[in-house]
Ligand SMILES: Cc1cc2nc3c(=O)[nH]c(=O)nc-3n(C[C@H](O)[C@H](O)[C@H](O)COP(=O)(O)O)c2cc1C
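Let's start with one chain on its own, the form predicted on its own, as structure tokens.
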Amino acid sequence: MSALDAVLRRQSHSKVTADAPNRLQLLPLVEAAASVADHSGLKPWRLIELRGDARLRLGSAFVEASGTVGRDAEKLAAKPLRASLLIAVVFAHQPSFKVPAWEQEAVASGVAHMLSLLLDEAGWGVFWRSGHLTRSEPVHRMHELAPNEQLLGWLYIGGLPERTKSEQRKRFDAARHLTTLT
């Protein structure tokens, strides 16, 4: 399959099974994702695997950050349990007079997107979750982020349920979004 075919086939899968790649399966995918364009080669990113109890701690951090209680708190705490593997995508700003912070954050986003493509091509279900809690203090603390780091969200990764394996992605009208300056 060509890269074009793989990218055209890619779609987010918000429901995944409990299967997930192990660390040894992830390492070559992360290595490949690191090939994303990176001005000055700063590598302004890192990834954090969350499995098992780490997902429970993340759910508790969500509840703490939101201040919710009761049934709403239970639902929020359960969100990280929707996949057995979450990969936190971290933007790690590097001091640079040449590369502004926004460009470094774009590199971190590019790594996350490239990794999601590679996981999809390898047969895993993936979806990227973010939201207002990503930049909250309890979630920052739970991930043990350094002062120069910001969380961009999580890739939720798992197996593909049988019913989603044959679903086709809706075609995109590229001509509406590609303009020409003359």
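The structure presented is a predicted model; accordingly, all values stated were derived computationally and were not measured. We number the residues from 1 along the sequence you see.
Omitted from view is the form predicted together with the named molecule, to which the following refers.
Colleague: Pick the stretch from 129 to 137, 63 to 71, 39 to 47, 22 to 30 whose residues have a heavy atom within 4.5 Å of the named molecule in the predicted bound form.
Modeller: Among the candidates, contact is made by 129 to 137.
Colleague: Contact between His143 and the named molecule in the predicted bound form at 4.5 Å, heavy atoms?
Modeller: His143: no, not in contact with the named molecule in the predicted bound form.
Colleague: Check Leu152 for me: does it contact the named molecule in the predicted bound form (non-hydrogen atoms, 4.5 angstroms)?
Modeller: Yes, Leu152 lies within 4.5 Å of the named molecule in the predicted bound form.
Colleague: Could you run down 1 to 26 and flag each residue that has a heavy atom within 4.5 Å of the named molecule in the predicted bound form?
Modeller: Stretch hits, in order: Arg10, Gln11, Ser12.
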